[in-house]
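Before any questions on how it binds or moves, here is one chain, the form predicted alone, in structure tokens.
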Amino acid sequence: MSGKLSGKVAIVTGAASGIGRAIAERYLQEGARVAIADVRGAAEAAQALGPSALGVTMDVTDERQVDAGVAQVVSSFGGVDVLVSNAGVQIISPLVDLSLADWKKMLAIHLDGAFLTTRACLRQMAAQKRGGSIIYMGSAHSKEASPLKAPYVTAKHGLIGLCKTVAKEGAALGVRANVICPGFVRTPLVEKQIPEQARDLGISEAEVIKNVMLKNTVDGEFTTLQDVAEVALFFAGFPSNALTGQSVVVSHGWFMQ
């Protein structure tokens, strides 16, 4: 199959559902072979997506699982050209009530996971000597803050720093690094937040959507899975180092730079 990513191999973490699944589907449409890496549901998702998809069970906070998962992809597909570090969770809590365990869990999944998958893929890309693209799933919260999301905001800001460092270290290898920063996308993660924020803020779920989540967008619309997947395709297929180390906000104008 021909396409913008024809002949490329991609690993997408957190790809059994949500944004990761949408990116995997878009990459497959453009001719890539895609490893669906997730802590659960990877095999089922890959089976549904067809023969160019490979299910890889991976807890991104587990060093052995990450290294073994990347090795499995290399064995099956012959290399790695694109990493989308997308796996993430959300915990809503006032800082004063947040447990250290939840703080560590959030940072581990978002930052340890990004580090471990980056390290494994960067090593492989260096050995291949054919360049590559590493894409982090940040958030508008990589640039901005909201109440009740201290560890999430901290982690998403951290991905910007990791991306810039990887862009500098990867340049000699032809490896680019970028961050996608979506606004509110109506994924299961966001669906879970709506009643939680309604409870914590003492307002209705409709008010959370209109007056909290989408208040500062230009059109009152959620960012879509397709919006994010198109940016992921753009970064993965970009032909030079001109955009490396950059982040792009995809938020219907919720945050502007």
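Note that the coordinates shown come from a computational prediction; the quantities given were computed from them, not determined experimentally. Residue numbers run from 1 along the displayed sequence.
The same protein has a further form, the form predicted together with a small molecule, not shown here; the description that follows concerns it.
The small molecule in the predicted bound form reached by all of 39, 61 and 184, non-hydrogen atom within 4.5 Å: The answer is yes: all three residues contact the partner (heavy atom, 4.5 Å cut-off).
The unique member of 160, 148, 109, 153 whose heavy atoms fall within 4.5 Å of the small molecule in the predicted bound form: After the contact test, the surviving option is 109.
Contact residue in the predicted bound form, chosen from 49, 190, 214, 198 - any heavy atom within 4.5 Å of the small molecule: For this set of options, the contacting one is 190.
The small molecule contact in the predicted bound form: residue 18, any heavy atom under 4.5 Å: Yes, residue 18 sits close enough to the small molecule in the predicted bound form that at least one of its heavy atoms falls within 4.5 Å.
Partner proximity in the predicted bound form: residue 137 to the small molecule, non-hydrogen atom cutoff 4.5 Å: Answer yes; at least one heavy atom of residue 137 falls within 4.5 Å of the small molecule in the predicted bound form.
Any non-hydrogen atom of residue 89 within 4.5 angstroms of the small molecule in the predicted bound form: Judged by the heavy-atom cut-off of 4.5 Å, residue 89 is in contact with the small molecule in the predicted bound form.
Segment that reaches the small molecule in the predicted bound form - one of 70-78, 137-145, 120-128, 92-100, heavy atoms within 4.5 Å: It is 137-145 that comes within 4.5 Å of the partner.
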